[in-house]
Structure formats: structure tokens, C-alpha cells
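The form predicted alone is given below as one chain in C-alpha cells.
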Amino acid sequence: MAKKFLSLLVFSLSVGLGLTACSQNSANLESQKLTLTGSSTVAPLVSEIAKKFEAENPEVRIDVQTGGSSRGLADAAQSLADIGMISRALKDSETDKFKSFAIAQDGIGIILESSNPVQSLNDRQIVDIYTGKIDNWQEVGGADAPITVVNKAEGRSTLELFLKYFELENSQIQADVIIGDNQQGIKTVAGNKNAIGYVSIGAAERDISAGVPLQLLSVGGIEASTETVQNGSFPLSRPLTLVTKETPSGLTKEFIEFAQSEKVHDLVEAQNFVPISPNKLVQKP
């Protein structure tokens, strides 16, 4: 009887230890996963950074999802994502709720289809086009054709920065088409010679170099390009930012440090963005 009891005790302890080990292994595996959600401007860059990070850390899996900067902030706040992605700096009202880390710099450029003869517009003309005061290209030196105004959807950082720079309210804009991410905006404008829109300069330059029929207009008299964003002369630029609810630690901290390091400058430049230094974990206000 005693032997039987001892055997049962050993078995129970073995099972208990096995379950504890399984639980610890599951926790360890869980800790090697990261989820990032948010800006469609930031996501392609972060996806490439994630691939490089995973190659150096084969036990890690990183899931990158889009949905706009608003989703990135909301998911980080609710702990639905480890890291949120936003294509702007934090607002003053957000700095006490999140930690933020810039990984690159980008600009917002006005785009037209490449065959449109209009090659420049001043700020006043852009405002008048977007508010409906100018509704024909002939009024700004183009063909006699109605202007198709393409605007960004609510919750997009690109929209917020566009409105801020041109001192507009979204309710003032007379849009013909509402788009979400950069690629949707680029496809819409490239497919309509009478359309006007605005997207990430990095995204536009990549597609132009790939043969997409698109042109970038200057803003404030400054050429829209990676170079002018880099030298600080382009007036409509923004940081591409990672945000967390708490001060990063563990795998989250490691990934953010990696995303800010010189190891990924080639990936940043390949996406037509401007790298940000120094290559250490620094919170951006």
C-alpha cells in the first residue's frame, strides 16, 4: 500500500512539475511575440525592420498590422498591441499617456497625375482647391477640366498634418473622393489625370521610381523630396513614430532600440525616408 501511495505521489509531482514547465515554456514563447498596429505610412518600414530583427532573433515573431494612426494609439492604450505606429509626433494632450520613439522622418507631398500640365501650386491655390473655391484646372493654368479633390479619411495623421499646415478644418474641405492609406491615394490620383491628393513623400517617390504616372508638387515653394525633408527645408514634414503605453522593457525595448539603430538605416533609406539619429532609445516629446 505504501509503495502504491509513493508511486502515486511521484506521478503527481511529475505531472505537476511537467505542467509548471509547460506553463513556463508557454510564457516564454508568448514573451517572444510582438504585435504592432497603426499607420499605413509606418507599417511597410516596420515590416522590413521586423524581418531583419526576426532574422537576428529566430525565436521572435512580429505581427505588423495597419489601420491608421488612431488605431495605433487606441490599441497601445488598451494593450491590444505592444507598440502603436503613428506618422506624426505625439500631441501635447497625448504625452502623459504614451511614450514615443521616432524611427524616421517623412514629408507630406501634393500629388497630381504626371500628364497634368500644372507643375506648381502655391498654398493659397491649394486651400482654394480643397475648399471648392477653385474647381477647374483652367483657373490655375491647366486644362479646362473639373478638379477631382482627393482627401484622407478621418483618423489619418496625414490628414491632421495637412489640415494643420494649411490652417483648415476638415469640414471645410469639399472632397470628391475619400481615401485611406497612401497606396489607395496614389492609385486614385495616378488613374485620374484631373485628380489632386496628398500622401507620404517616401511612398510617392518609391512609386514614381517604379514608373507610376505621378508627380509631386512643391509646398511653400520648396521641392517635395527626401533631400528637402532631410535638410529640414521642406515645411510639411513629420516623424514616423513608435508609441507604447508604458516605458518599454524586455522584447519591446529591444525592438524599439533596433528600429532606432544604424542597423536599419539602409531599410529607412530604401523606403525613401530619412534616418533619425542617435541610435539609442530616446523618447521624443
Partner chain sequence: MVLILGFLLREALPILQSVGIKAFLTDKTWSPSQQSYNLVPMIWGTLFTATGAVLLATPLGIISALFCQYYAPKAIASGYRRLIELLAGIPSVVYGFWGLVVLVPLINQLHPPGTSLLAGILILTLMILPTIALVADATFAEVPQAYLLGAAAMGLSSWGTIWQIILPASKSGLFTGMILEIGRAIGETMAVLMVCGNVVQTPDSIFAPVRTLTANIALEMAYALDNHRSALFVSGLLLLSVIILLAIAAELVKWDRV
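Model, not experiment: these values are computed from the prediction. Numbering follows the first chain given and starts at 1.
This protein has a second form, the form predicted in complex with the partner chain, left out of what is shown; the following refers to that one.
The stretch in contact with the partner chain in the model of the complex, judged by heavy atoms within 4.5 Å, is 182-190, chosen from 182-190, 92-100, 119-127, 204-212. Distance criterion of 4.5 Å from any heavy atom to the partner chain in the model of the complex singles out 40 from the list 260, 40, 37, 241. The partner is absent here, but in the model of the complex a heavy atom of 177, alone among 161, 74, 140, 177, sits within 4.5 Å of the partner chain. A residue is said to contact a partner when one of its heavy atoms sits within 4.5 Å of a partner heavy atom; residue 153 meets this definition for the partner chain in the model of the complex. Mapping the unseen interface onto this chain, residue 169 counts among the residues with a heavy atom inside 4.5 Å of the partner chain in the model of the complex.
Residue contact with the partner chain in the model of the complex: residue 67 places a heavy atom within 4.5 Å of it.
Taking the partner from the other structure, the partner chain in the model of the complex has a heavy atom within 4.5 Å of a heavy atom of residue 148.
Residues are counted as partner-facing when one of their heavy atoms sits within 4.5 Å of the partner chain in the model of the complex; in 92-109 not one qualifies. Relative to what is shown, residue 181 and residue 271 are closer in the model of the complex; their C-alpha atoms differ in spacing by at least 3 Å. Between this form and the other one, the CA-CA gap for residue 271 and residue 158 narrows by 3 Å or more, being smaller in the model of the complex.
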